[in-house]
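Before any questions on how it binds or moves, here is one chain, the form predicted alone, in structure tokens.
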């Protein structure tokens, strides 16, 4: 059975090249082919990217679904018609939801937080992050068809030696009527650069004391040429919006440098940054969990220390 990767939206998400690399590896191991399934708005962009990653089959769904409900309806209809064997979703915030709901709609098992897949005699051997990212769990999937939501930050994209010819097939699906389960009344702003792709991240937490002090985190990130983020605690408190949240329910990052300012180091937050090459922690509590993960730690009041560090970085 074929391996398919689903993509939708107005532009191709970051991490898609890595997901295509994983899909190609699974297909090669099973002696089958990869089909990249995209919605009509992505056809031209997807055609060029597919050629670079040796994906010769592109299925273009003649629809432009908007929102989770519409995507689930359209992709479930495609799966009923084509019955792919392995269904891959790039694990964005929306992608994780769509993957689970498509699996439920067509009655297939689903596994999220996938970081690696290999072929076993009995089926697929899959690694996924577990326990808030503190460890990895290994699963043996013996079902003939599975849905996988893939965290691509740990996958290295591989390009073909030369571009391949891409065969494009336009697919009409009978999705029926879509009824929204909820209405979106507001949504976070989306920045040009993804937090997941940043090489330097400065994140703040409740240890900053109050919302106004978070400006120091932004200034520090700017001085270092990086991006800023935060813990779920300050998202819940309304200091920042969820598009900058690092953690299990936010962004899973893999920067070269991660500076945690006033963050305790709960496992849910560390799931989003523990893959950083270097973690620096600033916290006035010497027993804070964050120091177990940090290569360098400073025990002190971050509100007092940050202005000095900003000046040093700018100089």
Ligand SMILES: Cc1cc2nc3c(=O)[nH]c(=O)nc-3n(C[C@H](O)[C@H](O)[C@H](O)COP(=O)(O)OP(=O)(O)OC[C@H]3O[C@@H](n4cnc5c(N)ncnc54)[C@H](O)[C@@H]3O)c2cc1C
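Positions refer to the first chain, counted from 1. Heads up, when I say rigid core I mean the largest set of C-alphas that superpose within 1.5 Å between the two forms. All values reported here derive from a predicted model rather than from experimental measurement.
The discussion below concerns the form predicted together with this ligand, not included here.
Using a 4.5 angstroms threshold between heavy atoms, residue 259 stays clear of this ligand in the predicted bound form. With a 4.5 Å cutoff on heavy atoms, residue 250 counts as touching this ligand in the predicted bound form. In the predicted bound form, this ligand sits within 4.5 Å of a heavy atom of residue 207. Although the partner is absent here, residue 90 sits far enough away that none of its heavy atoms falls within 4.5 Å of this ligand in the predicted bound form. Contact check for 246, 268 and 283: all three have a heavy atom within 4.5 Å of this ligand in the predicted bound form. The contact with this ligand in the predicted bound form, taken as any heavy atom within 4.5 Å, belongs to 233 out of 198, 233, 124, 112. 300 is the sole member of 9, 300, 307, 14 with a non-hydrogen atom within 4.5 Å of this ligand in the predicted bound form. Remark: of stretches 153 to 161, 198 to 206, 91 to 99, 116 to 124, the one touching this ligand in the predicted bound form is 198 to 206 (heavy atom within 4.5 Å). Once the rigid core is used as the reference frame, the Cα position of residue 61 differs between the shown form and the other one by less than 2 Å. Relative to the superposed core, residue 36 undergoes a C-alpha shift smaller than 2 Å between the shown form and the other one.
Superposition of the core reveals a Cα shift of less than 2 Å for residue 24 between the shown form and the other one.
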